[in-house]
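Heads up, the chain below is alone and in the form predicted on its own; it's given as structure tokens.
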């Protein structure tokens, strides 16, 4: 099997794969940051007592979590232009990843907020802090600390989900494999290389996740 495996072609296409890796990295980083911001806002709206922002937040979270990411990508890419709103492919992909992961992050943070001791919240109320101040200074710092491992897990999922953007012609890592396959008809070599780079990304994120968990455990013990 390995005798028929053409590593020379892989090295020939390595600049293409490295460009795809760079695009995947940038798309993932931007999407993760925006998804975290979206998740925090959606979570804050959902747990608030103001119905005008609570119920739209619930609807957003449930819709995003109950529909496939591919359907969301296709809706944004093919549906929005019919409504008069045309967005370039890469921005469409980032928007889809942000909205999808933001819904899951909102639920992760909500679980973290639920773990905050009620006494601390009551102490904040007694100190005269309003809702926004309690969220900023008391609740969110602790909730984010508790939810770091699942948030990093969601980041790993987002990186893998970015492969779906190849279906709307975004020049990321999986698209590089598709390009090599169409030009050289070598799918084994192409997607072996794609899988190798995704594994490298996963191992880096997993290592960072394990390191952060150890740091959090150490701080709690200390």
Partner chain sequence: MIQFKNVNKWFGKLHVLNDINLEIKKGEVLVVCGPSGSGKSTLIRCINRLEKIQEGEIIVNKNPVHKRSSNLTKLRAQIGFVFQQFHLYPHMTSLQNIMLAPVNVKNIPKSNAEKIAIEKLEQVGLSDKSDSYPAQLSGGQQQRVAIARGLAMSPEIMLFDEPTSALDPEMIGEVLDVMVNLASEGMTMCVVTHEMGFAKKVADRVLFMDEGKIIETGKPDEFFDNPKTERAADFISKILTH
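Basically, rigid core = biggest C-alpha set you can superpose within 1.5 Å across the two forms. Remember, it's a predicted structure, so these values are computed and weren't measured experimentally. Numbering follows the first chain given and starts at 1.
Separately, the form predicted together with its partner chain exists; it is not shown, and the next lines address it.
Mapping the unseen interface onto this chain, residue 132 falls outside it, with no heavy atom inside 4.5 Å of its partner chain in the predicted bound form. Residue 149 falls outside the set of residues with a heavy atom inside 4.5 Å of its partner chain in the predicted bound form. Residue 124 belongs to the set of residues with a heavy atom inside 4.5 Å of its partner chain in the predicted bound form. When contacts are judged by a 4.5 Å heavy atom cut-off, residue 115 does not count as touching its partner chain in the predicted bound form.
A movement of the C-alpha atom of residue 71 falling short of 2 angstroms is seen between this form and the one not shown when the two forms are aligned on their rigid core. Relative to the superposed rigid core, residue 128 undergoes a CA displacement of at least 2 Å between this form and the one not shown.
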